[in-house]
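Next up: just one chain, as structure tokens, the form predicted on its own.
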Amino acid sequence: MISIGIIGGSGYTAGELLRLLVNHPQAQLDFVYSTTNAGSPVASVHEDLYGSIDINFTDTVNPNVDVVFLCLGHGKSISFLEANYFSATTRIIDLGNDFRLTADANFNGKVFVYGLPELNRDQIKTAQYIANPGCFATAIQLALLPLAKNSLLADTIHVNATTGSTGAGVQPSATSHHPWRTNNMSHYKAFGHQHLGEIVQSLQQVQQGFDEEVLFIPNRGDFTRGIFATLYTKLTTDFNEVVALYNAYYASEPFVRVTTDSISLKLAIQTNNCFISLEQKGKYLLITSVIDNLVKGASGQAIENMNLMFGLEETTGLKLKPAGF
């Protein structure tokens, strides 16, 4: 069994981790850390876990667990690791953005591997420290990696992607407040979202010399979970060849599905799957990518990385089916 600690246990990503880990055959939950809820039952915050989990939040850590998931929010992992010791054998998976860029990946001698399995599976298997990708970044990179692998990104890439309200985190804000969000939409951080750095970094890793613009407009959607992303760029080769390249790239990937049919968001909700649709629109290639931002975009992918790090079947605990209605 893998002994597990979760840091920042009261948030959405921690809650999703717990929901998945309670049914993971090799997971043994050791502690759930939350300074604001220490002493309270975990199920008092994550109410859907009543009857499934009977431990309390704590404000102390066990430094000898096998793996720690950091669910602290962006920019907070560094300060936590500076203040808390973990053993030399403890694996660390950070769900924040502190270590995703190569320039930030080395922390006090710890080198964080970027944890997108479809890109870095071999490195993940031998890593001790993982920087889990961002949710938008996951959906967009999976939509583009086969093109980059074949050096077919030769023009500006236009991206429009909409995320659910859980993407804003558990702490309420003006734009996640229910009366504002309901029956409403808006864009934010147009052309300057923090996930752009990791997207471009991965494309440059795969396609040597990649320097095209990625014009990304993120939107807030009137739903709780999921990311629906549409991308288009100039088609630089035969469309059928592009479809064949995508099918080849993802042929052995357990969580990516490629189709030329139209797709909808509900295909991926509450699963670790990414669905990718390819369409030719005149001289442009239109790509649609859908994921669950809390599963493949966060906690599910973190468990996928844990499985790889501990030599388990990658799909362990992640064979999930979407709710059709």
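Only a predicted model underlies this, so the values are computations on that prediction, with no experimental measurement involved. Numbers follow the displayed sequence, beginning with 1.
There is also a form predicted together with a further copy of the same chain; it is not shown, and the following applies to it.
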Sole residue of Ser151, Thr102, Asn160, Gln194 within 4.5 Å of a further copy of the same chain in the predicted bound form, by heavy atom: Asn160
query: Hey, in the predicted bound form, is Thr90 touching a further copy of the same chain, heavy atoms inside 4.5 Å?
result: no
- prompt: Hey, in the predicted bound form, does Ile263 get a heavy atom within 4.5 angstroms of a further copy of the same chain?
  reply: yes
field: a further copy of the same chain contact at Met1 in the predicted bound form, heavy atom, 4.5 Å
entry: no
message: So in the predicted bound form, is a further copy of the same chain close enough to Thr288 to count as touching (4.5 Å, heavy atoms)?
response: yes
query: Only one of 142 to 150, 200 to 208, 251 to 259, 70 to 78 gets a heavy atom within 4.5 Å of a further copy of the same chain in the predicted bound form; which is it?
result: 251 to 259
- request: May I ask whether Arg19, Asn184 and Lys321 all come within 4.5 angstroms of a further copy of the same chain in the predicted bound form, judged by heavy atoms?
  value: yes
a further copy of the same chain in the predicted bound form - contacting residues of 189 to 215, heavy atom within 4.5 Å: Ala190, Phe191, Glu213, Leu215
